[in-house]
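One chain follows as structure tokens, the form predicted alone.
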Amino acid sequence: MNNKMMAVLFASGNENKFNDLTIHRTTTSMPFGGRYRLIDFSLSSFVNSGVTRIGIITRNNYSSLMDHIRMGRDWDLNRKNSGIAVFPPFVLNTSKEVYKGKIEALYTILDFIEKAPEDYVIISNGNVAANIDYGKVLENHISSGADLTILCHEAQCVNSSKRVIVAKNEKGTVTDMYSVEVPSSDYKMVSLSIYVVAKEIIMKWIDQAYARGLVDFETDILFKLVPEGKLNAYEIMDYAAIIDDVKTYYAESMRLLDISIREQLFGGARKIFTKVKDSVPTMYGDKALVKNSLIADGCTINGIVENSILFRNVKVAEGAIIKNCIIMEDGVIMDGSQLSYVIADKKVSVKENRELKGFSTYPIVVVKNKTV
């Protein structure tokens, strides 16, 4: 075996839990961290680990994703013999139905997986923000002797979205797996829905499961394999986050204001790449006051910004006050307006003397292109 990896990335998931933020985009193209999209973290981790053959399975609203990744040039993926392959969301070439689950989606691209020269496959959701060394993951997977390795991290299940909890022994062998949707403040070992598996094994599993009409990859395949002791758990010790609703999007964005978190995500040798945009530096007026915030390039700030994240080309007028907010690209906050716990999508304009206040667990979302 050549110990090389390819990757299959799911571009969509839980769009219905993002409210207005995913009307025009997939989960993976959600802006995150001031200048990035969620997909940047997956693509960068792949490329930094030598994974250059990547299949992206789409579902809906993926035009913004296509515009962002283009031909993969910004990740050095515009190659002749590998690079990015984007697959439409239909079950079969002659069908107009969207795939029902991961098993069905993977079955439609078995030909892509089979023809690839790599011996291992990374199967990943695209809504994970992390900086992962897949070379180390593969080494651990091979040494474990397992059929499949699940990437996990210790976290609280504080929202109502589905989480897969993993229990493992001292050798890393998975001893139990189950789903939860009830919020809890307890720390548990949570699956990131990222898997490393030999190509021959995953092809056999998917072919057999599809023939039996099974749909859910975790419930219908992985859960049933736990008793065999052939699943391995690999814990990500650095920062990792699953972004799958407004609450987790806001909370994980705010965590980036912690320098130790930023160092784990951006500070190492494995860089996070994104679509390059040539913007001028941010300009700060004489009366600008900025505290504990992430400010992208191209902004013009004349007001007060505290504990907030501003994307490219945001304009904050004199007299405007922004606290605990996320203002996406090309936002305009006019004189006298006060914003607190607000997520403003791209090209949102807030007129003079407006006041918008949400709460940390329930931020106000202002839809793209909206004028308030």
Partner chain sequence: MPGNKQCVAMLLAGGQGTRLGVLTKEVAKPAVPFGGKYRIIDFTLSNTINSDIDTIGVLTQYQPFELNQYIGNGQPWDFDRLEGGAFVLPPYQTAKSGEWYKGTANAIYQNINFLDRYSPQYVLILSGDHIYKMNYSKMLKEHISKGADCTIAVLNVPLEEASRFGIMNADKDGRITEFEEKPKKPKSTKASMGIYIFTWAKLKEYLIKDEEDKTSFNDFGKNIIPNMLNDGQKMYTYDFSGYWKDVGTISSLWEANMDLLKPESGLNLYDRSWIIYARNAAEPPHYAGPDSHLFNSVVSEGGEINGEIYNSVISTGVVIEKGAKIFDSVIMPNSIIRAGTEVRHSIIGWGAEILENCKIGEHQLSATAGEWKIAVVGPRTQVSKGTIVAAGEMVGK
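Residue numbers count along the first chain shown, from 1. Just so it is clear, the model here is predicted, and its values are computed rather than measured.
The form predicted together with its partner chain is left out here; the points below concern that form.
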With the partner left out here, if you bring back its partner chain in the predicted complex, are F87, D111 and N131 all within 4.5 Å of it by some heavy atom? no
Is the gap between E170 and its partner chain in the predicted complex 4.5 Å or less for some heavy atom pair? no
Its partner chain contact in the predicted complex: Y107, any heavy atom under 4.5 Å: no
Would R35 count as a contact of its partner chain in the predicted complex, using a 4.5 angstroms cut-off between non-hydrogen atoms? yes
Any chance V276 has a heavy atom within 4.5 Å of its partner chain in the predicted complex? yes
Would you kindly say which of K224, K204, K291, K162 lies with a heavy atom within 4.5 Å of its partner chain in the predicted complex? K291
Contact with its partner chain in the predicted complex, heavy atom within 4.5 Å, among A146, C299, L192, V166 goes to C299
Quick one: which of 193-201, 111-119, 259-267, 230-238 gets within 4.5 Å of its partner chain in the predicted complex, going by heavy atoms? 259-267
What are the residues of 271-288, in order along the chain, with a heavy atom within 4.5 Å of its partner chain in the predicted complex? K271, I272, F273, V276, K277, D278, S279, V280, P281, T282, M283, Y284, G285, D286, A288
